[in-house]
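Single chain ahead, by itself, as structure tokens, in the form predicted alone.
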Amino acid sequence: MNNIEIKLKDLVKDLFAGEKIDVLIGYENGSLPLRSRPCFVHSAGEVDRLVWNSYCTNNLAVYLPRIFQRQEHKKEETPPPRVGIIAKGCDARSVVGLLKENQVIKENIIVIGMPCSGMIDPAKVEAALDGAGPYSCQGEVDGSLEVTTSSGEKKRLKREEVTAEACLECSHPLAEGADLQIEGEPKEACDERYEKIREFEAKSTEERWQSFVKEISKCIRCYACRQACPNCYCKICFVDQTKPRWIGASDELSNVMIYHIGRIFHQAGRCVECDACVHACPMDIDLRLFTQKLVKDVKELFDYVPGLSVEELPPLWTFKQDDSQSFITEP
């Protein structure tokens, strides 16, 4: 058990002992190598389930709107739970966004900020092993990940080569504004970003459209991206509505494109680049290319970075006389 894990467990035990929380949303060991999974801890006796490592990829803020959702058909109103949540920098920014949108009750949540050094991407590990089959992980040593393949061969992979793209380009690794902080050494913030986006922007309008069509044509409309995203909390998604019906239910390409265009633009001024949608996609669609493009545009047009301040109004909530309008005529 690492030192950060010990600090975390002690802190959560104190929160339960002081009756500060009713449930803690955190991570526990997964059943597959290099994967930790979300878990819900309801008492101090369950705290030993908690882990903190380089595989805590999921954005746990996705559960908050459902936890605080009103039970409309209950005769008696039950008080909302007091929730603790373990948060990386991106998770904490998602919580801020949900607070702005009145999906979370501030008085009923305690955000525990974790020192994030970047998460390992299992897909990159599997690619680096080049089809070596099932593997087990022995942990991290001197900046490398040690794995053993099914044939018994031991390999060391450089950590930076198997770190998730979102983490490599993370500009806010610290959970700023968290109610409690676990001390540790987070990764350095990345200043050099958007290289891939600039390459995309350099293409002609037709080339960009073809890139979009090529990626989105992989989609099987499983909606995993929607389910994994903390911002997709609508009770009824527009693609599921029948009165009126916005798009068809088939996987015909035009229907698929309308779904993704609607969902992606819904992230403007809200996306924190956690890549929950990317990690959830079973078809390896490069959704980051499109969501990050909007992040860059919002920053350049409105000088706004989502999830950093509860008080600052998002650009699509307000209007200023000096707002740029170039995006209307020069996409």
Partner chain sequence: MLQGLIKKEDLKKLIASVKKEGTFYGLIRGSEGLSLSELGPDDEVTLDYSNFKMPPKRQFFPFSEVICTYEDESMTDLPLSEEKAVIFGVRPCDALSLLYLDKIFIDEKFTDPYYRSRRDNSLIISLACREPLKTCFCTSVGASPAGKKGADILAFEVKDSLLFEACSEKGTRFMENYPAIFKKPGKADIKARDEEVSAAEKRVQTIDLSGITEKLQGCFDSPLWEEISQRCLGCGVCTYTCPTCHCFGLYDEKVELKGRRIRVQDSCMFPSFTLEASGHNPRTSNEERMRQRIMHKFRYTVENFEDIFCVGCGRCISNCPVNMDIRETLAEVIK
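Positions refer to the first chain, counted from 1. Keep in mind that what you see is a predicted model, and the values were worked out from it rather than measured.
Same protein, other form: the form predicted in complex with its partner chain, not shown, and the subject of what follows.
- Judged against its partner chain in the model of the complex with a 4.5 angstroms heavy atom cut-off, the residues Lys20, Glu273 and Glu311 are out of contact without exception.
- Although the partner is absent here, Asp284 sits close enough that one of its heavy atoms falls within 4.5 Å of its partner chain in the model of the complex.
- Using a 4.5 Å cutoff between non-hydrogen atoms, Asp251 counts as a contact of its partner chain in the model of the complex.
- For the chain shown alone, Pro38 is a contact residue for its partner chain in the model of the complex, at least one non-hydrogen atom being within 4.5 angstroms.
- Not displayed here, its partner chain is kept clear of Val83 by more than 4.5 Å at the level of heavy atoms in the model of the complex.
- Picking from 159-167, 87-95, 101-109, 224-232 the stretch near its partner chain in the model of the complex, with a 4.5 Å limit on heavy atoms, gives 224-232.
- Checking Ile220, Ala189, Ala128, Val141 for any heavy atom within 4.5 Å of its partner chain in the model of the complex turns up a single hit: Ile220.
- Along 18-36, these residues reach a heavy atom to within 4.5 Å of its partner chain in the model of the complex: Glu28, Gly30, Ser31, Leu32, Pro33, Arg35.
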